[in-house]
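Have a look below at one chain only, the form predicted on its own, in structure tokens format.
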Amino acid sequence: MKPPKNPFLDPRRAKSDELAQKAEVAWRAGDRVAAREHFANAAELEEAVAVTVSVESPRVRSVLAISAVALWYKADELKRAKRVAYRFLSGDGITVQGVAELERLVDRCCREEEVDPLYRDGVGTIPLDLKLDGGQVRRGVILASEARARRESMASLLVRTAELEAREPYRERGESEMERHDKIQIYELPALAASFGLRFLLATGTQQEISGTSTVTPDAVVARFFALARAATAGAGAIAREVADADPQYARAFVTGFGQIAADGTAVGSAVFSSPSWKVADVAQPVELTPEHKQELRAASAAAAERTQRPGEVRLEGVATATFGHTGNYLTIVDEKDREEHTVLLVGQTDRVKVARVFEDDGHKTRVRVFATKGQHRRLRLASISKLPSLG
């Protein structure tokens, strides 16, 4: 049967799309063998259509060539993916953008061939990329201090995300129970080309039934990480809402962490998270953290900076309201730990000014950290107040 003039209407393309969708469903269901088989069958059909497209239609030929190579890559047929890419790259009829994308796919295949297959596409392994570009970043080159800071922040946030997903109590310091009990493993992989990248792999730990530690899967952790990253683009309040059912200290950790990773506009122009969408359903689009996001997150982190608790002080954190005037001169705080309501007296104009600044242009759901001293009759009196990421 003669193929239609429009390659996109070729029945083989429709079948290829159908097989690719089946592959994604199979992958998410944990059937990696079936997924790779469906991807390979889809790739074969896509390639067969692509080679029929005339070099006089470079845009169509490029789109289909890229699609075929990407499907071979998803099938973990890396050598076949490279051969197909080289076939199109060695001839005519590919756009400049198409050439660049095919070269990126070749590089991705080469990098992943360096990785043990068990960790490349084994059950329970999900890669997560951080691409850094712009500013002083050049292709494959970045200031060591910038790469090191983001590498450490990424590893820390991934562990925090696993703990959050497992509903672990907030860990102030020390080794994570998730890692100590080998419930989750975090590796670093060879980075991909194009600007500068950091690549991590989340894998299932070898111990799956340890008493006292919840089981989480790498895809769940990556999905939650992207939800938090998307929240970070909307500000500290969005992060606080994303973790509203957990210890508030988690919100502060993610505000600080994403603030450290975000691009600063000088050394790094952009910072983009991505992960294969066919492996994690909730990761549809990459997430970019810009210098504007960094500025906002840093400001929120600075506002919530830790203050040393002094002898004789009580520390309260939670949602607060303030009352001023002849009949009232106090703060009411619903503490987030004990869920009890506490009253903190204000003494003098200085206290009122401090509180007014914290509540300035804010609603009635202001989250604060308060240090108070116990006065006569054990009444709490304000010593210090600072604003925390808001829930409202």
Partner chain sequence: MVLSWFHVVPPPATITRIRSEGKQFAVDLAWKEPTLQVRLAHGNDTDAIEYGAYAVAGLCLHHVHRWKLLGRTQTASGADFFIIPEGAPAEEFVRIEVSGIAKNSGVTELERRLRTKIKQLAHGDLARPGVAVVVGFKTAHVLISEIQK
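All of these numbers come straight from a predicted model, not from anything done at the bench. Numbering follows the first chain given and starts at 1.
Missing here is the form predicted together with its partner chain; even so, the following discussion is about that form.
Identify, from the list 235, 276, 291, 259, the residue with a heavy atom within 4.5 Å of its partner chain in the model of the complex.
Spelling it out, the residue with a heavy atom inside the cut-off is 276.
Given that its partner chain is left out here, which of 346, 45, 66, 26 has a heavy atom within 4.5 Å of it in the model of the complex?
Looking at 346, 45, 66, 26 one by one, just 66 meets the 4.5 Å heavy-atom criterion.
Does residue 321 make contact with its partner chain in the model of the complex, using a 4.5 Å heavy atom cut-off?
Flag for residue 321 set to no.
Would you please decide whether residue 73 lies within 4.5 angstroms of its partner chain in the model of the complex, comparing each non-hydrogen atom pair?
Yes.
How about residue 13: is it within 4.5 Å of its partner chain in the model of the complex, going by heavy atoms?
Residue 13 belongs to the contact set for its partner chain.
4.5 Å heavy atom contact, residue 145 and its partner chain in the model of the complex:
Contact with its partner chain, no.
Determine which one of 97-105, 240-248, 78-86, 146-154 lies within 4.5 Å of its partner chain in the model of the complex, judging by heavy atom distances; exactly one does.
Contact criterion met by 97-105 only.
Output the sequence-ordered list of residues from 5-20 with at least one heavy atom within 4.5 Å of its partner chain in the model of the complex.
Residues within 4.5 Å: 6, 7, 8, 9, 13, 17, 20.
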